[in-house]
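In structure tokens, the next block holds one chain alone, the form predicted on its own.
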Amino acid sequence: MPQNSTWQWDLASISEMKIFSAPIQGYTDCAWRNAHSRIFAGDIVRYYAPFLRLEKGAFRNKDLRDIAPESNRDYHLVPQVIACEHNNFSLLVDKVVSLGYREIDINMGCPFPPIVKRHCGAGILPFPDEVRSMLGVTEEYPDVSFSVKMRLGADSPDEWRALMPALSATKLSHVTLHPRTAKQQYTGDIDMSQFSEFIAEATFPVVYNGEIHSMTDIDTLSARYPALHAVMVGRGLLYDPALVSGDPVNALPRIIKLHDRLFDSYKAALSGDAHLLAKMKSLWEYFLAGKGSRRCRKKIKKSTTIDKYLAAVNDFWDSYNDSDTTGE
């Protein structure tokens, strides 16, 4: 549940809140989105792709493959772009539009220092003129729906205030706000007081993002903010892919199916067992954290061959506990 707040609720599901899947670099790629959307069909209204960027003035082929329309047919995908200035932004939008998309999310929230120091992601937030210049480019695309994903600020939690005129002057489908600063990255308290002020001042639909771990968290937000447009869930869906399924009793067989689909997808796409093993082990940084046997999780992370990995995963399924982590 979001921290730094005085409100508590103990509610059954009270709303039909729209749920978006957040873009997370290295995790919510095409393989993950396809597997999740098929196994947990109908849970997520929109999946957002990790950001498309220019690297040394060129597009990265793996980024373009990830948002290729032919690979993203069975769910509502919204590509995301990240740029440091308006010329690069135009190139990115042109590329996404050329692929047939008419919805684009603008990343103004990435907190990682190499991105921030270039005034990209959350690094642009302290510079209202740069934000205004980039958002102004959206007027050149009247047939494209734009949204923004952002943080409260780069260093200060009130930097968003200076950006409200530019956000309000831009025709945006919504703004997603993660109530932390870039300096915090993904640690420290969520600042719900700043979020409350943001949504009160917003002239556009607002989406909440940050520390969503259960449907109770979503219902709590819905109760406090009746005007909330949607909730975007990121790491919560990596921890628990069945988070919004509403069927916890039958969650494990579907989660196993998700893992197996991912394994098969990466096996077909990656070159050799070493790459496959590295990719699957990275999944477990978040996957079902706090569930099952700690000993089995360690075996998964220390596995040195595919056979050892699969044996450790099977042991983990046998140990899985839906309530807490066991020591054995």
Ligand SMILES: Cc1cc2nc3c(=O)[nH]c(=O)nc-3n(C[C@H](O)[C@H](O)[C@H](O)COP(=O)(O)O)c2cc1C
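In this text the structure is predicted, and so the values were computed from the model without any measurement. One rule holds for the numbers: they count along the sequence shown, beginning at 1.
What comes next is about the form predicted in complex with the ligand, which does not appear here.
> Would you check, heavy atoms only and a 4.5 Å threshold, whether Ala122 touches the ligand in the predicted bound form?
No, Ala122 sits far enough from the ligand in the predicted bound form that none of its heavy atoms falls within 4.5 Å.
> Ile24 versus the ligand, in the predicted bound form: is there a non-hydrogen atom within 4.5 Å?
Yes, Ile24 is a contact residue.
> Using the partner position in the predicted bound form, report whether Gly234 sits within 4.5 Å of the ligand, counting heavy atoms only.
Result yes; Gly234 sits at the interface with the ligand in the predicted bound form.
> Does at least one non-hydrogen atom of Glu211 fall within 4.5 angstroms of the ligand in the predicted bound form?
Yes, Glu211 sits close enough to the ligand in the predicted bound form that at least one of its heavy atoms falls within 4.5 Å.
> Is the ligand in the predicted bound form close enough to Pro50, Asn107 and Tyr286 that every residue in that trio has a heavy atom within 4.5 angstroms of it?
Result yes, every residue of the spot touches the ligand.
> Here the chain is shown alone; which of Gln194, Gln184, Ser222, Gln80 has a heavy atom within 4.5 Å of the ligand in the predicted bound form?
Result of the distance check: Gln80.
> Could you tell me which stretch in 39 to 47, 265 to 273, 287 to 295, 25 to 33 has residues with non-hydrogen atoms within 4.5 Å of the ligand in the predicted bound form?
It is 25 to 33 that comes within 4.5 Å of the partner.
> Just give me the residues of 167 to 182, first to last, that have a heavy atom within 4.5 Å of the ligand in the predicted bound form.
Stretch hits: a single one, His178.
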